[in-house]
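Single chain ahead, written as structure tokens, the form predicted alone.
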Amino acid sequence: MKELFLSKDNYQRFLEKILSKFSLYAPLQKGDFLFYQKVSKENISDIIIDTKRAIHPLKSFFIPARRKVSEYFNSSLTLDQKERVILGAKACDLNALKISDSVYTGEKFGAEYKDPFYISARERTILISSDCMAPDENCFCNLLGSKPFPEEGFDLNLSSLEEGFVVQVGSEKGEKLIKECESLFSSVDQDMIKKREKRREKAFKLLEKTNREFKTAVSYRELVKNSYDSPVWKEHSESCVDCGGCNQICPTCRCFLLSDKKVGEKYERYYLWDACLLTGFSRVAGGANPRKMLSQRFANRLFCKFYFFPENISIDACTGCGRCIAVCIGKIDMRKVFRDLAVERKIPVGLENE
């Protein structure tokens, strides 16, 4: 993979060049959290890219919570053609796009039902990711075999050093962007690579320390199998308030419903995010509901992530971003759920291995 160096001064020039051609979105601080916001000349110096992931998921750029998909039940709406750059995406969100791609592009599911809105959004977006140098207490990508820095799925990736950034080129889009700003980049030396690897190792060790007590001797995929009737689901779901926040903020949840609305003399159809944790999600004609119990819906959400998707496309539909833990009103922690499933089956957990 091609690697270059971008000094701190040239980094600012690079962003200004991007801003002159594209809409630019990047993480900015708002209270205690980082949020993706549209960048302008006024706030360009406030961008933060070398800490943790933003609080809301990258999927919101490609799958908005609500959008009009047709009028008069005619799917001939004009697709947005504006190009944009998203800066500061982390490995967990890039990995999550594999799940969205598998569903909305027809890559793995329903090849005859490709989503033109999603595909158009993906095609007109340049992703400039960055290493996660300060994962927070809720992050657990290491428990799923991932690392706090991107290895694929980006057009460019920035690894922060004191003197600037090591830039990895991951696609033709990234290569084209580099060529348009070629004078800003220089060759990278082995000392820079060593510094990057040292910083990456430090971040990974922090994750290992944070999640030490939650590490199980077998994978979450294995723990989910044959555990649908486990009392662990009921125990942990007792503090759930059925709000669906975990679904909404999850970067891999992609369930939706379609709603028709009369506007004047015409009808419009809207796409809306849905949540499998909500009572009405599995309700069918006649009012029957195969998942009346909250504990059943709670279990189903994690079965979808660690059983359904692995069985069908060999990928976990969870990237360990920890957003569901951060947002949960009931303070439910997925790591504790799986730890208890392991304990129930007398599988070694965390410090028990030492």
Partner chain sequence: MNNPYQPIKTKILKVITETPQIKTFVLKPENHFKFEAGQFIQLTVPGVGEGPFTPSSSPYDLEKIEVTIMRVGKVTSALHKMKEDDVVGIRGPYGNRYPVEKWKNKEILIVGGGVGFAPLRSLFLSLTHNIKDYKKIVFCYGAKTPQDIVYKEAVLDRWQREFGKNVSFRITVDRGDETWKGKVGLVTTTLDNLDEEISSIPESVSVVCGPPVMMKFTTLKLLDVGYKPENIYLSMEKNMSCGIGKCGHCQLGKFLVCRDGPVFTYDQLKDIPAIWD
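Numbering follows the first chain given and starts at 1. These numbers come from a predicted model, not from an experiment.
Only in words, not in the display: the form predicted in complex with its partner chain, which the text now covers.
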Full three-residue contact with its partner chain in the model of the complex, heavy atom 4.5 Å, for 113, 255 and 304 | yes
Stretch in contact in the model of the complex with its partner chain, which is absent here, among 314 to 322, 32 to 40, 49 to 57, 286 to 294 (heavy atoms within 4.5 Å) = 286 to 294
Look up in the model of the complex whether residue 193 has a non-hydrogen atom within 4.5 angstroms of its partner chain, and give yes or no.
-> no
According to a 4.5 angstroms non-hydrogen atom cut-off, is residue 242 in contact with its partner chain in the model of the complex?
-> no
With a 4.5 Å heavy atom cut-off, would you call residue 231 a contact of its partner chain in the model of the complex?
-> no
Can any non-hydrogen atom of residue 154 be found within 4.5 angstroms of its partner chain in the model of the complex?
-> no
Its partner chain: the contacting residue among 146, 125, 160, 282 in the model of the complex [heavy atom, 4.5 Å] = 282
Of 328, 69, 28, 44, which residue is found within 4.5 angstroms of its partner chain in the model of the complex when only non-hydrogen atoms are counted?
-> 69
Taking its partner chain in the model of the complex and a 4.5 Å non-hydrogen atom cutoff, the residues of 167 to 203 making contact are none
